[in-house]
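In structure tokens, the next block holds one chain alone, the form predicted on its own.
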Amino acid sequence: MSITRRSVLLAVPALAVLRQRAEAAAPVKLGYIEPLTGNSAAAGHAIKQGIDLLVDVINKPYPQLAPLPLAATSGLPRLGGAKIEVIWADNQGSPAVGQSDALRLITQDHVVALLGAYQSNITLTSSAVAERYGIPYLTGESVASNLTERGYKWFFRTTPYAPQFAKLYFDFLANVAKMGKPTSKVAIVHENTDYGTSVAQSITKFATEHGKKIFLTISYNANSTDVSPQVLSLKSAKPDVVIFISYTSDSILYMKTFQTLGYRPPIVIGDDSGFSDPSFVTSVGNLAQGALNRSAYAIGKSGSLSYKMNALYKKKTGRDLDDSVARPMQGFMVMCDAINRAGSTKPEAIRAALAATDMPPSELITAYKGVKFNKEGQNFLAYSMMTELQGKTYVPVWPPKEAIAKLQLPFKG
């Protein structure tokens, strides 16, 4: 057999096409930073289970989940069916560790984008690394206002954030007041990292701008081992409403201390986070009956996208999907959809696709009114409702159009 110059020339472009297809189908690596050890490990692992489920949904056909983006296909269609690969990093609840995680994921693992990192102060440090290297970073879970106030080009947030929560709480309390329940004396109890401080400041600012006054504000050290002084201060002041902005171990400790000191505020509102952590209901659900909690997720009606996703998550984990997991899952879907729309793994192309996101409610697993980012990278269509712990489950109780159960007051404890 003779090999002519023509056959060699014909083979060259054919090999180039094959090589191009192989490169296009290479896995798309995303870095995910979560607390997989430490005080928020339960939340971190629950989020990991949710993201792992979505990776399977994206990489394999799940036509029953349409119109969820990328569910009906296999991999990322505009990248030759490339599969999503998530590289996990444990931030250990430490901003310094989260920062080094981001650096390693970018420089050693060569991820095309980053997500995370649950605690706002860790998202703050890890996203700063991404900004420096020009890598897209999306958080579906961290809510401190300052995250989108830094003028960053590469940072995006899908979840509702502190100013939106403040409006939700006061709208809800105005409705409760119409029911004849006292709500004028509002106390805020917050942990002192970026998360607690930012949300507390946003609530206070909203109250001031609308002619209201916060009755009492208590700041405490995150991950405290004793909150008796704070609870005794509440017991003495007798507020109508207590809003807790706390991570998991603190939220659990407050409920136990309520029981120990015989204190029961009329209305207890948890600002998601620790109150939504799976270990909260397991540990102190019997001590926290009637606790209210903001949420952007509800299981929904049979046949709905949220209902179907919950069924898959429950089959995988043995428990229902909740807000603390659904919001990060929603953020992950937005990131993967943007990469597919970009048709590229180049950072600038992904960033441009994220900025152009315009996702309708019909494609979401959360209750957001859609996903569309403003110039700061904040999803201005994010939305939350009020839920209440009744039995072993948080159920939507407000606004009326979202409610599936009747609001039960006062807090039973």
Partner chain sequence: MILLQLAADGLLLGAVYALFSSGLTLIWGMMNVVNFAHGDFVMLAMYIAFFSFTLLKLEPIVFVPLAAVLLFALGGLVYYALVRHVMRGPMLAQILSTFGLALFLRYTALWAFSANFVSLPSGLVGGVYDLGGLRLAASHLIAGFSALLLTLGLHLLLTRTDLGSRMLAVSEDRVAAELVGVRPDPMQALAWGLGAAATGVAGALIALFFYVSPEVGNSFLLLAFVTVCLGGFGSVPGALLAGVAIGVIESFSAYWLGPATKDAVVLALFILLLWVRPQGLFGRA
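Numbering follows the first chain given and starts at 1. Computed from a prediction, not measured in an experiment: that's the story for all the values here.
Note that the form predicted in complex with the partner chain isn't included here; everything after this is about it.
Residue-level contacts in the model of the complex: of 233, 73, 204, 175, one residue has a heavy atom within 4.5 Å of the partner chain, and it is 233. With the partner omitted here, the residue from 107, 208, 302, 282 that has a non-hydrogen atom within 4.5 angstroms of the partner chain in the model of the complex is 282. Here the marked residues 36, 192 and 218 all reach the partner chain in the model of the complex, each with a heavy atom within 4.5 angstroms. Under a 4.5 angstroms non-hydrogen atom cutoff, the partner chain in the model of the complex has residue 248 among its neighbouring residues. Mapping the unseen interface onto this chain, residue 45 counts among the residues with a heavy atom inside 4.5 Å of the partner chain in the model of the complex. Residue 41 belongs to the set of residues with a heavy atom inside 4.5 Å of the partner chain in the model of the complex.
Shown alone here, residue 87 lies farther than 4.5 Å from the partner chain in the model of the complex, counting heavy atoms only.
Comparing 223 to 231, 328 to 336, 77 to 85, 128 to 136 against the partner chain in the model of the complex, the single stretch with non-hydrogen atoms within 4.5 angstroms of it is 223 to 231. Residues of 249 to 274 lying near the partner chain in the model of the complex, listed in sequence order, are 249, 252, 253, 256, 259, 260, 261, 262, the criterion being any heavy atom within 4.5 Å.
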